[in-house]
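Read the single chain below, which is given as structure tokens and is the form predicted on its own.
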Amino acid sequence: MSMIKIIPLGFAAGAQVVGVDLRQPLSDADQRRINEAWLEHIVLVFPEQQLTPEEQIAFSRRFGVLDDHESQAPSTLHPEHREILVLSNKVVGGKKSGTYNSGRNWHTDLSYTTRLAKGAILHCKEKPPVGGDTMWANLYLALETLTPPIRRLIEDLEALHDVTLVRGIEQRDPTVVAEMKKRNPPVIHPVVRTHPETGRKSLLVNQRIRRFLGMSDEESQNLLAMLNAHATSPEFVYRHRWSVGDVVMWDNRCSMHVALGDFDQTKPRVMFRCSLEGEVETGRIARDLAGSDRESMLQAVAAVS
């Protein structure tokens, strides 16, 4: 009989899972119970788990195919397990880690690739004495609470996602940044997407969007600012205060998140992350989009004037 208990932590998202030792192989019944809770609560917290990289990988694989991290610079991966991205602010060999300030603006994992992540499993290895929190926003609720005119406006809209909009990217090792840019040209995704398991629609916006297709830069920025502010309203957000040993898994198909820099940067913050590969490609590489749509329109009008 399963000993798992699910304890809600927030209204919009977040639940604690107790009664399971992730070092041990999951039974099929426990895997189904956790998956059901994951779909319901979006963010699951497993406290006091001390996993080896192998154990974290084994647990993560129960919920999908692991991402091969082709979008990441090799220097940011675990030296013995490329299935694990190491999020660290430590200085090694006189250089800051290529991930030392990762996640500092609201984002959905791998939205700058054609295949967004299904989800991720993050294990807290080291943390500062205070701060270093992470927040998640429920993008189901963000879409469902928009007024009908705005929903009609965005229903068929597409957005341009750009890795260069990762906050603080210019402060990282130039070699790592150049490699990320080379691996990740701008991509286009729909603004409204449908969850492959629940069938619910959610909003896909974040702070790594450059503009909306068919709109001018000015129109795009105003609409994007409104949608991002709405999506990250406190009533849609769960904030997690980390403890060493926490394992947190989130559903990337209906959420976005931000890693807060609210801590002493001289104190270590180290997380190991496994990413789950998205079930389908929802994006396409952007081509011939150098100018804004407004500029293109003005040029076309001038040509026939």
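Computed from a predicted structure; not experimentally measured. The first residue of the shown sequence is 1; numbering continues from there.
Missing here is the form predicted in complex with a small molecule; even so, the following discussion is about that form.
**Student:** H107, R172, R193, K127: which sits within 4.5 Å of the small molecule in the model of the complex by any heavy atom?
**Tutor:** Result of the distance check: H107.
**Student:** Just to confirm, with a 4.5 Å cut-off on non-hydrogen atoms, which of R269, R33, H69, H41 contacts the small molecule in the model of the complex?
**Tutor:** The residue from R269, R33, H69, H41 that makes the contact is R269.
**Student:** Taking the small molecule as it sits in the model of the complex, is Y238 near enough to touch it, meaning that at least one heavy atom pair lies within 4.5 angstroms?
**Tutor:** Y238: no, not in contact with the small molecule in the model of the complex.
**Student:** Heavy atoms within 4.5 Å of the small molecule in the model of the complex: does F46 have any?
**Tutor:** F46: no, not in contact with the small molecule in the model of the complex.
**Student:** Whether A259 contacts the small molecule in the model of the complex should be assessed with a 4.5 Å heavy atom distance threshold; does it?
**Tutor:** The answer is yes: A259 has a heavy atom within 4.5 Å of the small molecule.
**Student:** Is there a non-hydrogen atom of N184 within 4.5 angstroms of a non-hydrogen atom of the small molecule in the model of the complex?
**Tutor:** No, N184 is distant from the partner.
**Student:** What stretch, of 249-257, 276-284, 57-65, 24-32, brings heavy atoms to within 4.5 Å of the small molecule in the model of the complex?
**Tutor:** Of the options given, it is 249-257.
**Student:** Assess the spot marked by G10, Q16 and A37: is the small molecule within 4.5 Å of a heavy atom from every one of these residues in the model of the complex?
**Tutor:** The answer is no; none of G10, Q16 and A37 reaches the small molecule.
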